[in-house]
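Single chain ahead, by itself, as structure tokens, in the form predicted on its own.
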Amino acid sequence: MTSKYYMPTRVISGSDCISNSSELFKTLGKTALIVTGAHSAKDNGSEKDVRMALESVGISYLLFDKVKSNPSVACVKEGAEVARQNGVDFIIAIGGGSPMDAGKAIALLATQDIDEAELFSGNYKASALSVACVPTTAGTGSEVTQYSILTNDKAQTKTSIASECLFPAVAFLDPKYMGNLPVGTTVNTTVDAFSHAVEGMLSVRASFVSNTLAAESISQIMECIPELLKAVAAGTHAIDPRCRKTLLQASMLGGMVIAQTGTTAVHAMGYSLTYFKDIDHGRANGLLLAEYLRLVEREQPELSGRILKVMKLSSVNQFRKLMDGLLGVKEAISAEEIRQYSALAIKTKNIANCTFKLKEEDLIRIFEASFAG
């Protein structure tokens, strides 16, 4: 099978990298739309740093801070209308996966009028405004992917828009913005990044390059697991800054992986947990990942063994215990809900990315085992 690797995003990382690289914004345009949520970017200082950087190089800007978790099509359409009416040249998305995904969708819809029915089909031009991303969590890796994940009410799930025109032009990675993240958010986003790397290795589109990136992402996250478990036990957000930096790097690598491989059944199943149960996306993936890996162990033991070796674990049971320690008490899920979510997940395109054929019954068993005990 022919493989490819394409990741056109310029990545700038390090303390104060936004102010130190403010001239880069001039290459993107003269008027920016800052896309973010209502509070976190203000609280952690990232929005202020972006504003000051833009002002220092004479770029005008507007603020669209209406993005909530799991952004809707209505939200990004509203943001796109703001961009069009004000002659915006480029987007700066600040925050976790939701603002970055929203920013990319706004960049697409600002350049072309796409009906909601067509938005998830890919039947439109590869044209979008340039995007700069400032991740303030270490989880989605959206700053280096061509995906925008939105809530799709018609399908009762989350669905991705995918186009190479959505790759951000530049990403600024500064771990200082993560310093006061609650431990729950830190764990959930870490598990999301972990899931990206593992699912990348479990994808039919995996390659030498993506597996190399995935293995490094997994290794870096595993280095930080003891620190995270300690923080969970203590209920504190005080995590070693070196760990924050490592997690941000690992998240970026995970994003680079899924930009090539896509995700698998874990994401397809997790979307229902988020849509119907309001379970954080990363947590949803983590609740399912060990039991999916157990199924892989049964079908393709060499592949699961390779992944466990990268984790420096000897069994799926060890991995399950690690996930349980990070995620704590699980939500309740009924047999009826399991059947409903499995029926939805089996129809998604993520299923085709799996390295062996999955049946709806397989998904039901993964859900059942994941929430047992």
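In this text, residue numbers run from 1 along the sequence as written. Remember, it's a predicted structure, so these values are computed and weren't measured experimentally.
The same protein has a further form, the form predicted in complex with another copy of the chain, not shown here; the description that follows concerns it.
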For the chain seen here without its partner, which of 249-257, 99-107, 74-82, 118-126 has a heavy atom within 4.5 Å of another copy of the chain in the predicted bound form?
249-257
Residue-level contact is defined here as any heavy atom of the residue lying within 4.5 Å of another copy of the chain in the predicted bound form; does Q156 satisfy this criterion?
no
Using heavy atoms and a 4.5 Å limit, would one call L295 a contact residue for another copy of the chain in the predicted bound form?
no
Would L213 count as a contact of another copy of the chain in the predicted bound form, using a 4.5 angstroms cut-off between non-hydrogen atoms?
yes
Exercise: E164 in contact with another copy of the chain in the predicted bound form, heavy atom 4.5 Å:
yes
